[in-house]
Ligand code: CP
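Single chain ahead, by itself, as structure tokens, in the form predicted on its own.
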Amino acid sequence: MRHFISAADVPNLDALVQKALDFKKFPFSQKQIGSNKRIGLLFLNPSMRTRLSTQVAAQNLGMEAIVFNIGSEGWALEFAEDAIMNGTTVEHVKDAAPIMGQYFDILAIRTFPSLKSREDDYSERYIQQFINYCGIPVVSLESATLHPLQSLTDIITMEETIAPWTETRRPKVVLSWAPHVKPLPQCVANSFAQWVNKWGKADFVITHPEGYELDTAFTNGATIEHDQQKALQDADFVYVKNWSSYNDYGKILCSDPAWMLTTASLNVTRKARVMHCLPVRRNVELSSEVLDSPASLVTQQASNRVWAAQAVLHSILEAY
């Protein structure tokens, strides 16, 4: 594996999941592979779990992790080709990225969509420019359209939870839209759909109000259902996440509080386990009653971020 930007970069998902679960048992078993190697963690927007888990994962492999917050600690970067740089940007990515390629062995980058231009956001210009010019492996810590480390974590969490009954039936996984106080990108939802489809071990349903359809490039293979209770029927896992409109790009079309997941919502499921990528708006997206109940996997899910990142970094170091 050269880069880690989407599910398409993973040749064998089962093997990668197993590697992560092995690291969960033996975190320091490959401490030498990263000896005398550095990973640069570049953040164009804030992070908590992604930043900390990737730092821990790198250190577990013997790597030195250096964090750089571009917005507050460095020059404003220009990404447009042939830009006339007479505005607020100070340095072009063409000049910055090759230097970073000299400083680090792996470059991990977190970007965020503008939610203004779908064409610009879905071009993934920021992360692609780093891939084009840095000359070293690039790991996405979230991009304008995808969050692959989160989605790998989600698959790992379901794999370790479903083991007792996977031989008798396929689990039913439901991705449920939830209300939020501000427009959020489609990254996590796109990515979760992409990875569940690649996983191929579940019956997959996406439920949301009309107008919140995602890009079919990510959702093909899933059943789309606008009735949340119908979608939740017999579910084994419910992944809760808000996203803004894809077609009416970046807009909030509906904020119906009835879409918040509650214990009553879960009555039609098979005692479903509930997932969320965090941070979560309590009693807006998910009720506190659900989050604090045995049904909630959010803490287990978040802790697995370390093992997902460690498996990815190890695979890149192993290959290169």
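The first residue of the shown sequence is 1; numbering continues from there. Given the structure is predicted, the values throughout are model-derived calculations rather than measurements.
Although not depicted, the form predicted together with this ligand is the subject of the following passage.
With the partner left out here, this ligand still marks one of 140 to 148, 78 to 86, 209 to 217, 98 to 106 in the predicted complex; by a 4.5 Å heavy atom cut-off that stretch is 140 to 148.
Within 4.5 Å of this ligand in the predicted complex, a heavy atom is found for not a single one of K19, Q59 and H314. Contact between S47 and this ligand in the predicted complex is found at the 4.5 Å heavy atom cutoff. Within this chain, C277 lines the site of this ligand in the predicted complex, having a heavy atom no more than 4.5 Å away.
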